[in-house]
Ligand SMILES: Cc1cc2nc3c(=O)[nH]c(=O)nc-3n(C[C@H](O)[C@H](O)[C@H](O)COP(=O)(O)O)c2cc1C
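Next up: a single chain in C-alpha cells, the form predicted on its own.
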C-alpha cells in the first residue's frame, strides 16, 4: 500500500510562530503514523494580495502555481491556523484563494478535490484559536475538502512547549497524535 502524502503548513509567516511550532509536532506525528509528509513555510512563497484585475493582467503568480502543484501532488492537508481578529490569517486566506484560481483550462477547485484535511490552531488566548479554525473549516468545505470533524486547539500556547519544541502536556501530545493517525487513516482510504 502506498503511504498517504500529506502537505503540512501553518498560516503564519512569523519565524517564531506558535502555529509553526505546533505544526512541527503534528507533522512528526503524521510521519510516525506512516504518511509521507512535506512541510512547507508559506513565507517561502510570497504572493500579492488576490486581485481580479491583477490576475487578468498578469495571470496566476509563479508561487501560486508552485503551491497548486504541491496541492495536486498530495492527498491530504495538515494546517495549523493562527487566529487573527477571530478569523483566519490574511496569509492563509490569500494562499487558499490563489490556489483556487482556474489555470490552464483546469477548474480552480481541482487542487482541493479528493482532499482530506486536519486542522490545528495555537493561540496565547484561552480559546486556542477555536474561532479562526471554525472559519477555516467553512472555507475548506466550500472548496470541496473533506475536513475531519476532529481538530486540536492549543490555548495559552506560549506556555505549552518545552525548550526543545515538544508539547509539555502529555494530554496535548496524545490529542495531536490521535488527530494525526486519523488523518493518515482517512487519507490512505481515499487514496485507494
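Note that this is a predicted model, so its numbers are computed, not measured. Positions refer to the first chain, counted from 1.
Missing here is the form predicted together with the ligand; even so, the following discussion is about that form.
With a 4.5 Å cutoff on heavy atoms, residue 124 counts as touching the ligand in the model of the complex. In the model of the complex, at least one heavy atom of residue 84 sits within 4.5 Å of a heavy atom of the ligand. Among heavy atoms of residue 175, none comes within 4.5 Å of the ligand in the model of the complex. Contact check for residue 18: a heavy atom falls within 4.5 Å of the ligand in the model of the complex.
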